[in-house]
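Take a look at the structure tokens below, where one protein chain is shown in two forms, each on its own, as structure 1 and structure 2.
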Structure 1
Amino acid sequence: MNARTPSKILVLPALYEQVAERLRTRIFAHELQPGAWIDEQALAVEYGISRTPLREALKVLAAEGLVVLKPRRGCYVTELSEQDIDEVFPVMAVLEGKVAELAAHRITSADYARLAAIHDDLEKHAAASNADRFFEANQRFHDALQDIAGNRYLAQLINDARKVIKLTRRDSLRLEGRLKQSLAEHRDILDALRDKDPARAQRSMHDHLMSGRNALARLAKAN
């Protein structure tokens, strides 16, 4: 059921998986922009492979929602409408909220120490107004929480949703004051976890995500 298989370390990933990963990277880097047509032949030549594994990779990306396959008309990078974003974020908020709730139930003092260390990093990067490093530490925080929550299916859905959100070119962390605000929200979540208060952890995390969506909306207006 889950992707991680112990023996997988030895077996190198199938070519179509490698290709999918390379394409994901290019899509997230917005080198392949939303709406852009994906030229199978050109990519096959560039990667030095045939179209077969490339097409299989595109099927995978389509399932993830990163591209859309138009029958007989080719493959295009997904364009997120404002409505799409308004649909994804509430779902993301609910899922991440559940993660926080589960984590609050299961968290140990060692887990808390790990999270607190990551939070220290967040504080440092926020103080330095380094959005990139803040983003990276933020990711680690949420990943660590998923580990503690211990629900792989939930984690998978969240990671898929995150991929979709990444299609947006906008980065809310760059918004004036958002870094500090995000930090304060993380503080809230952390405190709820310290107190092992699932309901509060759930609520804090949910609101944190919706706050992120609002920041994104403000950013859209600013542009």
Structure 2
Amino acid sequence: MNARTPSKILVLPALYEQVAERLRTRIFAHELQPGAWIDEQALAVEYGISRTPLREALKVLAAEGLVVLKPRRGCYVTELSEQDIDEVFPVMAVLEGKVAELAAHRITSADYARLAAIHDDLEKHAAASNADRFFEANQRFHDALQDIAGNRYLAQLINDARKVIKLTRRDSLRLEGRLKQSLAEHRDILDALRDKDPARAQRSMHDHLMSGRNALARLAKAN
């Protein structure tokens, strides 16, 4: 009997994980607004599923800090307070600063070319005042930097915290002048990485994150 090469089996995410990802996307896009009540019955009908996988999905999102489950009141999209924002941004600044420091030690010419290409997209979207596309390119820049840094434990901590920050961070890019400012901050980070200067890369990234926090504060005052 001829030996056969085992075929690869495609493993799809569990239904509740698929639902969690759909809801996560809607929350980040603010289709489900901060503080909004989540109508479980309506969503179950919309998605054509029972309430069980939907509730499991909401538990996942609650563990990530994206929704709040309130006994006898239902589920609500998380609405960050000023104290929440003040607490999470310094943590992210330290974590992402460490990523930039590690990346500056490890970066190759190919890595730099990859980051520079993403930065070109940032330049293009900033020139077009397209905050949504800028935000997407910004995420790719930070993800690429994590890959270069090569510390999976640090990456996991950042990804967990980033889910919370994404509830608000896109808003800061809509503040007048913020796109231009953020672009200049990315240039500083890129220059430090090109020069393989870990201390400067760490400092530039830390300041970039805290600048985002300050932009949110200015936006809150403006509103």
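We call the rigid core whatever largest set of C-alpha positions still superposes within 1.5 Å between the two forms. All values reported here derive from a predicted model rather than from experimental measurement. Along the sequence of structure 1, residues get numbers from 1 upward.
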- Message: Pick the form predicted in complex with the DNA out of these two and give me its number.
- Response: 1
- Query: 2 Å or more on the CA of residue 106 between structure 1 and structure 2, with the rigid core superposed, yes or no?
  - Reply: no
- Fitting the rigid core first, would the Cα of residue 76 be found 2 Å or more away between structure 1 and structure 2? yes
- C-alpha of residue 209 moved at least 2 Å between structure 1 and structure 2 on rigid core: no
- For residue 64, tell me the Cα shift between structure 1 and structure 2 once the rigid core is superposed, in Å to one decimal. 2.4
- Displacement in Å of the C-alpha of residue 33 between structure 1 and structure 2, rigid core kept as reference: 4.7
